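Just the one chain here, the form predicted on its own, laid out as structure tokens.
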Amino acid sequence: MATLTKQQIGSVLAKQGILIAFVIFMIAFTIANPKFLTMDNVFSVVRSSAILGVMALGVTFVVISGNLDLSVGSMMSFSTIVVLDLHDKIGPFMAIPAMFAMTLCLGAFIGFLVGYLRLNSLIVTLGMLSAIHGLTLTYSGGQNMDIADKEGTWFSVFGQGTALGIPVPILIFIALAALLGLTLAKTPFGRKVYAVGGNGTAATFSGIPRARTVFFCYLISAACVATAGLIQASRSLGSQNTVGQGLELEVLAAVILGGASLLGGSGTVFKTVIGVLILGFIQNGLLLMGLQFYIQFVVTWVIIILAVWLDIAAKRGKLWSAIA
């Protein structure tokens, strides 16, 4: 009986361990600082998590398809710098679609290498992380970008505006989450993404175009990165050319926290949203407790390791391997 109880506890922890840990964190943070669960702080956390969340929505498609995308941080820096630079040169009406087109080209290139040439996604996107960073520095001449007339532009609406009392970045995040969530759960394309990630060989023999499916997953990821870059540029109306540096790990952590398996074939957009909020609230709680911001990097690493462990544990139904 005791053995059965241990197995049941191990199974619950493997499947719901992250949520249990999150509840414990929330209780601890609320006790440590009563301001933690106030509406102002909750809105602040969701708003600050919107950029990360938008990027994570696209990466969810990539991960479910059985691949990785470590280039999203550098790509976000690129899109932010490009739209800020073009804003003063050709105006925001033309700058926004131009930036989206350039970012989608980067996503298409990665999708071609991974989908059609069957190159390893880890190696490709790790290389593109460095290549896109170099492209951003070359484009900007190593300089930061700022909009000249910050007071006279409507461009700030995407990052600073509100509608019905809700910040626009949150509305964009919610709208994209709803759209992509329905796409993944209710469309033939979404089913193809799951099939390719679950068993690419079987999907191919079933007539599913594996290469094209992976290609479009990277296009979706690039479109989400471009949207995140738009929000970031609009929020500050200026940016360093390394603004997205390091975000790729936080995005990946959020996606894994949401239950998407690194092995592919499982995950949902809704759970990714939950993962983003978990990461955002934990980081916010650490700051309210008076810890330095760089502690977040250590916590993010711990969360990634914990999430991967629980992901593997959920597959085998217990926390420890048979060998251990």
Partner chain sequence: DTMKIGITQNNVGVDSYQTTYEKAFIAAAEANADVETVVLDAGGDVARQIAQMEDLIQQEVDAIIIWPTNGEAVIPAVRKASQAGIPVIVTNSNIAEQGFDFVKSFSGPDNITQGARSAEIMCDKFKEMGIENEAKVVHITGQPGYTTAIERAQGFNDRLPEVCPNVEQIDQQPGDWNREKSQQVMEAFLVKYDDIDGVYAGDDNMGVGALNAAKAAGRDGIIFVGATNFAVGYEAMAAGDYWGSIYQSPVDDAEAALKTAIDVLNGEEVPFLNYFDTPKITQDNMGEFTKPVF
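Quick caveat, the model's predicted, so the values are computed rather than measured. Positions refer to the first chain, counted from 1. Under this definition, the rigid core comprises the largest set of C-alpha atoms superposing within 1.5 Å between the forms.
We do not show the form predicted together with its partner chain, though everything after this point is about it.
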Taking its partner chain in the predicted bound form as the reference, which of T227, S239, S74, T103 has a non-hydrogen atom within 4.5 Å?
S239
Candidate stretches 281 to 289, 24 to 32, 267 to 275, 53 to 61 - the one whose heavy atoms come within 4.5 Å of its partner chain in the predicted bound form:
281 to 289
On the criterion of a non-hydrogen atom at 4.5 angstroms or closer, are S44, L137 and D146 all touching its partner chain in the predicted bound form?
yes
4.5 angstroms heavy atom contact with its partner chain in the predicted bound form for A222:
no
Taking the shortest heavy atom distance, is I81 within 4.5 Å of its partner chain in the predicted bound form?
no
Give a yes/no on whether G165 approaches its partner chain to within 4.5 Å in the predicted bound form, heavy atoms considered.
no
G152 near its partner chain in the predicted bound form, any heavy atom under 4.5 Å?
no
Any CA movement of 2 Å or more for L291 between the shown form and the other one, core superposed?
yes
Would you say A32 moves its Cα by 2 Å or more between the shown form and the other one, aligning on the core?
yes
